[in-house]
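Okay, here we've got a single chain as structure tokens, the form predicted on its own, with questions on binding and movement later.
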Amino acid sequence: MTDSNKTRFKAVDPERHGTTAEEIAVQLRGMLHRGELRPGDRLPPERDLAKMLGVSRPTLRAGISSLAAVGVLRSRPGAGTFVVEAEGSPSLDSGPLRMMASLHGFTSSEMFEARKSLEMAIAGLAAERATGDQMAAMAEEITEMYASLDEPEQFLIHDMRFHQMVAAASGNRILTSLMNMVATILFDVRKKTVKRAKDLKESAEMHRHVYRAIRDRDPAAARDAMRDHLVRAQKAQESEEPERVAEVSGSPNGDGKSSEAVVREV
């Protein structure tokens, strides 16, 4: 990223109340969509970028971390933060799905069901098609999960990266893009509750089962392991949200029927 390109980063409106990491992520994603940031570009240094955007460095780091978790950015020690190379795989913006979730009251259960269907198919394909390098990358993320059992936010980032690597190994760009769109929404919900996670070691073990099935070139076992993992992941997320009302009894939705609580965060 050259100095002349730095002028493309616009300061957040100081009149806006409560600048959040999500707003930073939205701004950077917008630059990607407009072509102002391209695969391989390096972001300005953290101190400079925070000043350009008019935000604190912790807020900037959180915004960058959320984009790194979904495979948009990648930090290279000693080199900086870069926009990830596309590698031929398209990326779908989760915005339209968020809008549909708000309008139609998609439930958390429906989102998990969609993700489970997509990722079971993806895991089976990955077991057939994963390269040695892709399996090594999956193994590295699992190692990082075990290393961050006491750091829930970091654990969640490595969790998401593992799923993205499995998706990439499937060799199907459409399934990969759809999975990322759904998983990004669930990731944004989970990062608000993951500090209350009760057993991240069990989650790491479930990821290892998925990896071993892929490594063993066993599509059926990979699909089963992914299903079991996501079923437990859904239960874990529900347990992290004790204040959440699972059902809106006697409170009709737009079509006059009672429904399960909408995923409010999307």
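None of these values were measured; they are calculated from a predicted model. Superpose the two forms; the largest set of C-alphas matching within 1.5 Å is the rigid core. Residue positions are given as counts along the sequence shown, with the first one as 1.
Here the subject shifts to the form predicted in complex with the DNA, a form of this protein not shown in this document.
J.: Counting only heavy atoms and a 4.5 Å cut-off, does the DNA in the predicted complex sit next to every one of Pro44, Arg57 and Arg76?
T.: Yes, the whole candidate spot contacts the DNA.
J.: Flag Arg223 as yes or no: does it have a non-hydrogen atom within 4.5 angstroms of any non-hydrogen atom of the DNA in the predicted complex?
T.: Close contact is absent here: in the predicted complex, Arg223 is far from the DNA, nothing within 4.5 Å, heavy atoms only.
J.: I'd like to know whether Ala25 contacts the DNA in the predicted complex, with contact meaning heavy atoms within 4.5 angstroms.
T.: No, Ala25 sits far enough from the DNA in the predicted complex that none of its heavy atoms falls within 4.5 Å.
J.: Contact with the DNA in the predicted complex for Gln134, defined as at least one heavy atom pair within 4.5 Å: yes or no?
T.: Judged by the heavy-atom cut-off of 4.5 Å, Gln134 is well away from the DNA in the predicted complex.
J.: Mark Arg208 yes when one of its heavy atoms lies within 4.5 Å of a heavy atom of the DNA in the predicted complex, and no otherwise.
T.: Residue-level check for Arg208: no, no contact with the DNA.
J.: Please pick out the stretch from 47 to 55, 199 to 207, 225 to 233, 31 to 39 that is in contact with the DNA in the predicted complex, where contact means heavy atoms within 4.5 Å.
T.: Among the candidates, contact is made by 47 to 55.
J.: Pick from Thr81, Thr107, Asn172, Ser148: which residue has any heavy atom within 4.5 angstroms of the DNA in the predicted complex?
T.: Selected option: Thr81.
J.: Could you check whether the CA atom of Gly78 moves 2 Å or more between the shown form and the other one, using the rigid core for the fit?
T.: True for Gly78: a C-alpha shift of 2 Å or more.
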